[in-house]
Ligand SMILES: NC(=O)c1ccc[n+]([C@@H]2O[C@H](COP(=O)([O-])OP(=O)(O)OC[C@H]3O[C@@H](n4cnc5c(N)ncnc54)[C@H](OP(=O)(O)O)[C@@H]3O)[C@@H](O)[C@H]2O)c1
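Here's a solo chain for you in structure tokens, the form predicted on its own.
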Amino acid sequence: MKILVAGASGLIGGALVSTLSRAGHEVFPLVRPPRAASQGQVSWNPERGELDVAAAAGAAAVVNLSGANIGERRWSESRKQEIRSSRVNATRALVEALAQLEPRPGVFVSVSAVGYYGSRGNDPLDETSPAGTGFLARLCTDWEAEALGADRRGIRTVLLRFGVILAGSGGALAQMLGPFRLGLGGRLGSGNQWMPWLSLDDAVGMLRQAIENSGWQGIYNAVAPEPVTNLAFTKALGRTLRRPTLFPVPRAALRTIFGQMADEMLLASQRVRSTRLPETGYSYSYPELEPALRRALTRP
């Protein structure tokens, strides 16, 4: 089928495009200004709500992975606005643009994050749990509301709330590898905060299933079967790298360096599982942490 992908150049997007192309689909990345779309791409301008309708015509599925890197740098007010606009405003523009297509795509798959739940200590969380508080929780709530606009337009809509994606080439794990490989890694704060995670292979696998399987609809927590604490994750990464993990980073130091980001990303506790994924019959490629870490560190 013809599939449009917004955010195709990102960590997940690049892996998804490669996988879908190998499976025989025609994949068209959405390209924003100032880049010009070339053959096999579709131009769109979310700021102006413009989509090249002629190039997008015939799309059976649209995947929305767009969004500025949340953990790239400390959050200033302007940075938070950039993060919000790149998700909420861009998703709204994309959904409105899809309404111009005739026929409309059969499925719209959009991502969100477990940040939706805020920091909830040891409370078990699933898809029925309410939103938490804080910048990320509000961001995810508004982001998802815009994505669900596709459902109101009669397009099957799937929202995946991702946990921490494990990939050696990007994301949170890649940022950890430098100090851990030097033997300078350690837990963050107390290490008791819960950390839902997912292998990159399974992130791509879930996206593909959501596109190809009409039984997928609504919101899913896209996380591995068992969350782990930051302390358990730290020890597992140390074992995988064969390095000690003797240098914890105090909570106060994290707050000094990262500000609000520390409380909402590094120290937040989210004991998230999915009660809906088992209903789909999805089979994890990497359900356990250490094999997932080994795969992340060797994946091309």
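Throughout, we count residues from 1 along the sequence that is shown. Please read these numbers as outputs of a predicted model, since none were measured by experiment.
Below, we refer to the form predicted together with the named molecule, which is not included among the displayed structures.
- For Ser112, a non-hydrogen atom is located within 4.5 Å of the named molecule in the predicted complex, even though that partner is not displayed.
- The closest non-hydrogen atom of Arg35 lies within 4.5 Å of the named molecule in the predicted complex.
- Contact check for Ser86: a non-hydrogen atom falls within 4.5 Å of the named molecule in the predicted complex.
- Although the partner is absent here, Val164 is a contact residue: one of its heavy atoms lies within 4.5 angstroms of the named molecule in the predicted complex.
- Comment: the named molecule is not present in this chain, but in the predicted complex one of Val272, Met261, Leu51, Leu65 has a heavy atom within 4.5 Å of it, namely Leu65.
- Think of it this way: in the predicted complex, the named molecule has a heavy atom of just one of Glu226, Asp126, Glu82, Asp123 within 4.5 Å, and the residue is Glu82.
- Figure note: of the listed segments 147-155, 182-190, 68-76, 212-220, the one touching the named molecule in the predicted complex, with heavy atoms no more than 4.5 Å away, is 68-76.
- Of all the residues from 11-25, those having a non-hydrogen atom no more than 4.5 Å from the named molecule in the predicted complex are Leu11, Ile12, Gly13.
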